[in-house]
Structure formats: structure tokens, C-alpha cells
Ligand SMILES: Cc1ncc(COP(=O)(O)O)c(C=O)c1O
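First, one chain by itself in C-alpha cells, the form predicted alone.
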């Protein structure tokens, strides 16, 4: 079958796809219709946090489909409460949670929280949201505007007002004024080159936002749910934001988003809502996934996987100095900074031929987003295949 032709006949052309049809998967491995095996170091762009066919996730989703998979948020949903309770326990903060369907929706919700707080808690209205260069916060009209990259802003204006772009943390602090409602950032800029911010700088920002009455919002869509090595990257940085957002790996592949805040009474009925958000299907999946990942963390398996992954990345940089400058990122949100865009692209394409899947990021970075449950053997096999590809570059 001509997959490209089929796609163009029926789908809007929004992705530059690799035309392979995956028909089966297990753990961190994918199989195409010809039976070829791939080690998945991408996990659906940080979504398949417990890999493929994890029995706990299969059981949770099956039980939802076999019972009540969706009801309106006008009724009590026990699994929604249980998912929020588990998030609260894992983050160690006194928060309340709102569930939506995606990271962009969660970030929209975070901006609404900041704007309402800025209008109701101060004599002078605070509405500005400062974001950082190379950020990525989503593809709704509002979160596109929040994204501090000009290339995302073409064609879709006019945009909502009130977004201010900072070059770096120091510049963000300098730009906080009497109208600033919040500073919003990804502690690890996943789409922006897998760039992890400096701990001391973020602590300085936290102090400045408190002093000046602005909220601190952490976009943990990619860095959250144990991908950084802790439940939240903010825990790695020893910082408590006023608002944080989750999505991607939270339900292991079932669409979900969450905005979590210490401003527990900021919304009243009618301020915000979602038809599908937090339904039994997504939140039963989230409860199961969080249970699995908490066990990975407590058992030490997550740390062992992170250490093994880091060692393999370091060895690649050492053995291929003409291709890569350094390894970047934290936990299992990692990257190899290539010495050119061509090297980055060839690493991805040649790796795919060898049966290992990686993805690009900005600044010529090859990005790695394996499942949190990936095994040591799967890590080693993936890097064996990657090395076979790199030898040809």
C-alpha cells in the first residue's frame, strides 16, 4: 500500500511522517507489518511511560471500557479523585487538580489561573505572562502565543495580548513588573534543545516571583511523571511552583492533561471545564500508570535505567567526537547535541534503518524519550543499534 498517497487523500498535511505501519509492540519494542523490530527511544514523544502492553495499564483500560468509560463531570468520578490524590501525594504539595485532555489544555488552564489571580488578588490588575526563549507550550492559539519562538506565530494571529518573551532567567526577572501575573517555563526545554535550566537561576527566579507577587508556573508536560528521575523536575530543583502542568506520560498513552495548583480556591463552578477531561477511562489509566511508576522509582529500577542510559550517552560522545558535542538533559529526557543539523537528521534516519527510534529537538539535538519502564537490556540493544548507524555517518 502507498501510505503517503493514502494519507494525502484523507488527512490534513500537518506532519512530515516516516511511512512505516507498526502493527504490534511490547515493552520498549515496536514491530512493523514486515516483522522488523525497533527499540523505541521515543515512546510516542514521552507518552508511553510504561511502554507497550503493560498489564496494569491493559487491566485499567479494559475495566473502564467494560464498565463506565465516560460520564459527565457533572457527576462524581471516583478514579478522577484517586488520580488527583496520587498526584498530590507524589508531588508533596498542598494542591488541587483539574483534568483536561492534553498538555496544551493544561497550559491554557494554568494561564487562566494566573490571569484570574492577577485580577482578583491585587488592586492593580496583573495579566502579563513572561515566557522564556526557545520554550514550547502548545498549539492552541493561546499556548502558541505563550511559546517564545517566532516561527510558531506565522499565519494564526491576531493572538491574545499580554505575553512577554525573555531571553533567559535573568531577563525574565528583570521584566517582572506591576502587571506581571506569572512567569511560565519548562524546567527542561524539551522541544528547545533538551536544555535543563541551572538550579541556582531557578531558585533566584522563585524568590523574585514571590517578592514581586507573580506566580511561578512550571510546564512539566514532558519533564513530569518521573521522566526527570523524580516525580517532577521541580523536585530535582527543590522548588515548589504555584502551578504545574502534566500530560504526556500521565496515563501511558490515553489522552489526559492536568493543571495542578496551590491556589486551591481559584476557580468556582463555571470558570473552567471539559467535556472529556478526567473521565473514568483516562483517570483509571492514570491511577494505574502512577502506581507502576512509583514502584519503578521506589525499587531503584528507575535510577538504574537512568544511570545506564547516561553511561551509554557519555560513551557515544566520547567515541564519536566528530559527530556530537555533548549530552544534555536530565533523567530519561535526554539529548545528544550534534555538530550540525545534517548529522542530527542522519542520526535519526540511519538509526531508524538499524531499528532504533529517536527524535529531533532544536539546536541540532537528537532527543531520547524512552519509556520509564525500559529495561537495561533494551537500553543496551538500542545503543548497539544506534552505534551501528553512527559508524556509517
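Positions refer to the first chain, counted from 1. Here the structure is a predicted model, which is why all the values come from computation and not from measurement.
What follows is about the form predicted in complex with this ligand, which we do not show.
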(message) Using a 4.5 angstroms cut-off on non-hydrogen atoms, would residue 227 count as touching this ligand in the model of the complex?
(response) no
(request) May I ask you to check whether residue 134 falls inside a 4.5 Å heavy atom distance of this ligand in the model of the complex? (result) no
(message) When the contact criterion is heavy atoms within 4.5 Å, does residue 242 count as touching this ligand in the model of the complex?
(response) no
(message) Residue-level question: is residue 182 within 4.5 Å of this ligand in the model of the complex, judged on heavy atoms?
(response) no
(request) Counting non-hydrogen atoms within 4.5 angstroms of this ligand in the model of the complex, say which of 104, 91, 202, 266 makes the cut. (result) 104
(request) Only one of 221, 259, 285, 293 comes within 4.5 Å of this ligand in the model of the complex by heavy atoms, so just point that one out. (result) 221
(request) Specify the contacting stretch among 80-88, 300-308, 183-191, 318-326, defined as having any heavy atom within 4.5 Å of this ligand in the model of the complex. (result) 183-191
(message) At 4.5 Å, heavy atom to heavy atom, what parts of 246-260 sit next to this ligand in the model of the complex? List them in sequence order, or say none.
(response) 248
